[in-house]
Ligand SMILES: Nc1nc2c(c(=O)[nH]1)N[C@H]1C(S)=C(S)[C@@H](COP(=O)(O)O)O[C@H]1N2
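Presented below, as structure tokens, is a lone chain in the form predicted on its own.
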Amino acid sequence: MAVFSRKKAFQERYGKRIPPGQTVTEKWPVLHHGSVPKVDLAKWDFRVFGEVEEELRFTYEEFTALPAAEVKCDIHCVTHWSRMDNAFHGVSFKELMKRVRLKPAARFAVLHCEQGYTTNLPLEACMDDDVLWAWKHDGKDITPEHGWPLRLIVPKRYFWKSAKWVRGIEFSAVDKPGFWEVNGYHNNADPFTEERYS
């Protein structure tokens, strides 16, 4: 009975912000493929490459010195949980793009992460105002298990698109499905239309 009452309370509080098939949690479950990488910030860098006029490379100090932004958003996992009202701190995608000169062919973004993990997004999805390169969550550093030192937050997609341990972004003329996408997950990942699996 208590579980039902709690679920009803969340439904009344958040209403249409909860996508179909999702259950609200106050915890932040840890889910990923592989182990948590050990990161040496002295050797860490972030690359911008592919369909760009000039490749860019940032140290962690340079990246985190870019003008910062805050995003408050809900996150929705393909495994049916949602965590509401998260506060992320970092650099907006649009802020980074002020330094990038794309070639006309660029239409997609491929996120490259530690241990060879990738995921893909249409460039237009990345340009939403709430897309953020984040290193803080609810006022504290994101934990290594959740993607520190850098995680891309894409609130309008299932959370596997919000890649952990990001090391670079490749701009591409063609779509390049990433790890989960080639292993049966939906390429688009819209939680409100339940694009969970292909």
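Start at 1 and count along the sequence shown; that's the residue number. This is a predicted model, so every value here is computed, not measured.
One more form of this protein should be noted, the form predicted in complex with the ligand, which is absent from this view; the next part is about it.
With a 4.5 Å heavy atom cut-off, would you call residue 33 a contact of the ligand in the predicted complex?
-> Residue 33 belongs to the contact set for the ligand.
Using heavy atoms and a 4.5 Å limit, would one call residue 113 a contact residue for the ligand in the predicted complex?
-> Residue 113: yes, in contact with the ligand in the predicted complex.
Does residue 67 make contact with the ligand in the predicted complex, using a 4.5 Å heavy atom cut-off?
-> Answer no; every heavy atom of residue 67 is more than 4.5 Å from the ligand in the predicted complex.
Examine residue 156 and determine whether its closest non-hydrogen atom to the ligand in the predicted complex is within 4.5 angstroms.
-> So residue 156 does not count as contacting the ligand.
Can you say which of 128-136, 59-67, 156-164, 46-54 gets within 4.5 Å of the ligand in the predicted complex, counting heavy atoms only?
-> Answer to the contact question: 156-164.
Members of 64-85 lying within 4.5 angstroms of the ligand, judged by heavy atom, in the predicted complex | The stretch 64-85, when checked against the ligand in the predicted complex, contributes 77, 81 at the 4.5 Å heavy-atom cut-off.
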